[in-house]
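Heads up, the chain below is alone and in the form predicted alone; it's given as structure tokens.
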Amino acid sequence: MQAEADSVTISLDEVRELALGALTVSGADHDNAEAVADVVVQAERDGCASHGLFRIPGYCASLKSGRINGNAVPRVDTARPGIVRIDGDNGFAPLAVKRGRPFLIEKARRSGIAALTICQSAHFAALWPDTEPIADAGLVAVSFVNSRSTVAPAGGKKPVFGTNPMSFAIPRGDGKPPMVFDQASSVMARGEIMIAAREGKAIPEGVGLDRQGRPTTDPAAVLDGVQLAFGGYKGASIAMMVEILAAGLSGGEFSFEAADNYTADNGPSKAGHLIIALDPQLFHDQFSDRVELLFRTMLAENGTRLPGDRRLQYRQRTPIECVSIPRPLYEEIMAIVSRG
């Protein structure tokens, strides 16, 4: 560990140790703490600070309040062909995803396509850790999750949808890592707005409205007001689609229902989750060649890149350069670990 005036630089092993320590003393058992710590480490490794250690205080507050079950045992139902249904036992989503993924992959390989739904769980992490392992297994994956309502529908000034992210991942040949993207249906992810507020930075115009429905570049005012979907009504339609796929199909809470049950501890909300896996070889045996043709065409112009390329660049650098986190965040997590 190295310390500077305003930040602390730590290794990925230390990130894991911090996350595990804070989660465990806050009430998570080994399996739940390990599953959450895994996605926190992946976020820090890949340069996504808004879903890394930044999330740990919220996780811990939800555990300590009893709102989230730190000893959750996800119940996996595989009885239906092509479908895996999981009840998350009011726990964090990473363990439910981890327990259900092998069954999803098996069913997709058998029939070409399969889906996994999760209800009664709280998703507070990046989505690419959910889809990338499926692409590593040679399958195409798409994932949708909703959260408590923070985003207005088209023309509205009151929150109805969550930021409702989606992730898409495909395998690639010749030893290349999967192509994966992970993006919110809002203009900015809420975690990014929270970091801007913490650092006292303005956000771009068009991200959100204040409590009175006025446009603002003040992140604190947007957090107190409402976020906007990207692309106006088009993004709002996508947010609605994610809402229906993630919560409607799974039986999870819609975003406005999750907001009604939220206790303002900066932790996750219960919502819904859908992951779909497809075996490309059962659809078209030239899938990989066709996709690589598309990618070569995209990259032929200088300045273009594939989605997720910056994340892969961070993945190469971080084990060498380590992770820099704000000192107040480091001290907050250390205090959680020491107080228990």
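Just count from 1 along the sequence shown to find any residue number. Here the structure is a predicted model, which is why all the values come from computation and not from measurement.
One more form of this protein exists, namely the form predicted together with a further copy of the same chain; it is left out here, but the text below deals with it.
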Of V41, I56, L278, A35, the one that lies within 4.5 Å of a further copy of the same chain in the predicted complex (heavy atoms): L278
Which one, R80, K176, R75, R211, lies within 4.5 Å of a further copy of the same chain in the predicted complex by heavy atoms? R80
Please run the contact check for F181 against a further copy of the same chain in the predicted complex: heavy atoms, 4.5 angstroms, yes or no? yes
Hey, in the predicted complex, does E253 get a heavy atom within 4.5 angstroms of a further copy of the same chain? yes
Though only this chain appears here, would T304 touch a further copy of the same chain in the predicted complex if you measure heavy atom gaps against 4.5 Å? yes
Contact with a further copy of the same chain in the predicted complex for H30, defined as at least one heavy atom pair within 4.5 Å: yes or no? no
Quick check for you: of 200 to 208, 103 to 111, 215 to 223, 126 to 134, which stretch puts a non-hydrogen atom within 4.5 Å of a further copy of the same chain in the predicted complex? 103 to 111
Pick out the residues of 275 to 310 whose heavy atoms come within 4.5 Å of a further copy of the same chain in the predicted complex. I276, L278, P280, L282, F283, H284, F287, R290, V291, L293, L294, F295, T297, M298, E301, N302, G303, T304, R305, P307
